[in-house]
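What follows is a single chain, given as structure tokens, in the form predicted on its own.
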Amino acid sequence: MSSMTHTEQLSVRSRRQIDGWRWTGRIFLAILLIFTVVPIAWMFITSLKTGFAAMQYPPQWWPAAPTLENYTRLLDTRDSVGQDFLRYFFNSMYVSVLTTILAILVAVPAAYAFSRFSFPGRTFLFFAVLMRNMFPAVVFLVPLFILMRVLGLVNTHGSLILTYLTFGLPLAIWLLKGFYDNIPIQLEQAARIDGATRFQAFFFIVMPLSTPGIIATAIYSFIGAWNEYIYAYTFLTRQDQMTLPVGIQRFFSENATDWPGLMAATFMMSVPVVVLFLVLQKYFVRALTEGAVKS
């Protein structure tokens, strides 16, 4: 049997290198997955424990007597803990949904204008919008608090909605502009030739094609508002106005911490985000792939 040629040897060596890199990538992803899943699994397991079992040392991976009492308390409207949790939950939902809707209503026409129209200072204005995200959120904490106090919005959900819009709009405009740039302008021109107005061409041609980008933008806006803590903690002091990230602090006290209750509340807080992402993940993936590269 004749020996392999030099070309065949190089081909075999290349395949082995590729396989080696693939296995390295798989091992890295497995480690990353474990690093991500283990804390979530431990949070859920702790939520099934009693207060005494949660403080045991060495800790048990699975409780001897798992219980759903921590979850039933959170959903029991007759219990003060349940009443507060549900109030915080609906406050967060109200703020997050309204922030998302307003972000879409503002970002869609703004991104379309940046993509389709030429006007003086267009490039400067676009990068000025993005410049907002160059600074950490805490830098704007004191100025925004003073502004909200002057406007009389402290201790109202309106202060959070306006603040979250200032954070979410730059990213929303940038993401949607990438989608509009990838939609051929000839489609709108053809609709205009057929008698459609610019608004009709935008509404019936551009909007359906940019649905993945709009949904991805909505996901970003919702998650950002749902998980935000610093501004909610600063702007809101009334119990009936607090959102979930701030409200679940009630499980901490000077003498003890209700770890099972806190873990149950945190797990319940993550459910809307997980459900939203699972339902809309195909649009989210399309947004990352279609809007990432300009054709």
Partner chain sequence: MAEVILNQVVKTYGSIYAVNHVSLTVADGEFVALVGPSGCGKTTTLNLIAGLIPMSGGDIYIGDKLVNDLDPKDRDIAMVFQNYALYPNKTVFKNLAFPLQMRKLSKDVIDSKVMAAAKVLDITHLLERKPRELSGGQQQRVALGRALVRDPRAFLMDEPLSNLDAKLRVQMRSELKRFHHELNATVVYVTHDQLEAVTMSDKMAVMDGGYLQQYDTPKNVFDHPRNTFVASFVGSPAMSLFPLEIIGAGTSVSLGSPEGWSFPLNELNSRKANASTGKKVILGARHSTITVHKTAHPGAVPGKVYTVEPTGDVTFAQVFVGDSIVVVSVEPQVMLRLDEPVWLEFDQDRMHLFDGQTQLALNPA
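Numbering follows the first chain given and starts at 1. Because the structure is predicted, anything quoted here is derived from the model rather than measured.
This next part talks about the form predicted in complex with the partner chain, which is not shown.
Every residue of Gln189, Arg192 and Pro208 near the partner chain in the model of the complex, heavy atom within 4.5 Å: Every listed residue reaches the partner chain in the model of the complex, so yes.
Only one of 121 to 129, 195 to 203, 169 to 177, 82 to 90 gets a heavy atom within 4.5 Å of the partner chain in the model of the complex; which is it? Contact criterion met by 195 to 203 only.
Just checking whether Pro184 would be counted as a contact of the partner chain in the model of the complex - the rule being heavy atoms within 4.5 angstroms. Flag for Pro184 set to yes.
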